[in-house]
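Before any questions on binding or motion, here is one chain by itself as structure tokens, the form predicted alone.
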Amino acid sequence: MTDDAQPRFLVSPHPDLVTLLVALFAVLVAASAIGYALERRLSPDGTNAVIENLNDRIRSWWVMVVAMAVALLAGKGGVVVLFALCSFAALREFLTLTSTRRGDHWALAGAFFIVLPVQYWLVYIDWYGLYSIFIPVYAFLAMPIVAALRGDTENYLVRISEVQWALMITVFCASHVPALLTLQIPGYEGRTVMLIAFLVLVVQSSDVLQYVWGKLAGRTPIAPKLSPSKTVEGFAGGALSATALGAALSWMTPFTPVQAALLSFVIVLMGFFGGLVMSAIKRDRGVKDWGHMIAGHGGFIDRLDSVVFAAPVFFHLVRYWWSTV
């Protein structure tokens, strides 16, 4: 068990984490004040869609940051539970867009109530040898067997592939975020929770900065059929800005500023491509958002798509180059 799993973290959060959370809340207070001022000036009757969407997003960020702060302060157990719940909600959203039939019900029940909790339990007890292959090997072999035993062969391959892909994205990839707490980095004991904060901050700031740069200077669509709002200029400006932010956040990581910048660039790229992939699925199914649970953002997957693509790559890079296990 690593230091992050020790109960003492509940009563003694690391000073760096406290500093980071105070800074985040200060940013949210400033954003809320700006949103309020814009609403009073430009949308007093609530009819300006842009201002209303901006304030919806700010209010949603408050909820997300508070939830993440509570989980980080609770330590390993809190983070594992938070991401397990997010995976459950995201898996449910994903499967609402798939072609499942009555013959898949046992396999789906297994995905929600066996595979998902077992995957996160394995992460919690730090059994890397099993949680790294549990879904792509054992779950992927067991689910087609269960579905085949029900005898429904109509669109069998499509149905099974969709459920496997849903598990891979919403559970397996997402579980690599709390798995960062299992890394053992010399000289960084008791601070691995900051790696999660680093990952989430860089990925989410990249999304926001690409949006801002796109609004300010976006001219050339980068993938008009998948996401008309994404532009080359917005991607370049957002990626470089988020990479610079990652370098500036090196103080909360075991990386030098150059290493933090390189890792941030990898995270940003994976997050960007993750967003494109998930947009392709939405276009294929004819929907704009994965859900409506988060005001101004859509569903859980709309908020997590970048993180789930970046998390496994970030985890394995750090594990290979910095961790001793």
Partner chain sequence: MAGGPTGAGTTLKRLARLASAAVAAQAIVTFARLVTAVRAVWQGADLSGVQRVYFANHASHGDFILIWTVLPKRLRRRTRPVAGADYWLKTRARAFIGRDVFRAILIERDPERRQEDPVQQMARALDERASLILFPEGTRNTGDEPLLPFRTGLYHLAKARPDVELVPVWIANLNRVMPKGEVLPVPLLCTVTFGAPLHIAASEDKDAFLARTRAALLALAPNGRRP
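Nothing here was measured: the structure is a model prediction, and the numbers come from that model. Residue numbers count along the first chain shown, from 1.
This protein has a second form, the form predicted together with its partner chain, left out of what is shown; the following refers to that one.
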query	finding
is_contact(G275, its partner chain) in the predicted complex, heavy atom dist at most 4.5 Å	no
Interface membership of R102, its partner chain in the predicted complex, 4.5 Å heavy atom rule	yes
Non-hydrogen atom contact R283 with its partner chain in the predicted complex at 4.5 angstroms	no
M293: touches its partner chain in the predicted complex, heavy atom cutoff 4.5 angstroms	yes
Triplet L97, A109 and F112 all within 4.5 Å of its partner chain in the predicted complex via a heavy atom	yes
Its partner chain in the predicted complex: contacting segment from 265 to 273, 252 to 260, 284 to 292, 49 to 57, heavy atom within 4.5 Å	284 to 292
Listed residue (Y188, F134, F88, F235) with a non-hydrogen atom within 4.5 angstroms of its partner chain in the predicted complex	F88
Neighbours of its partner chain in the predicted complex among 143 to 157 [non-hydrogen atom within 4.5 angstroms]	R150
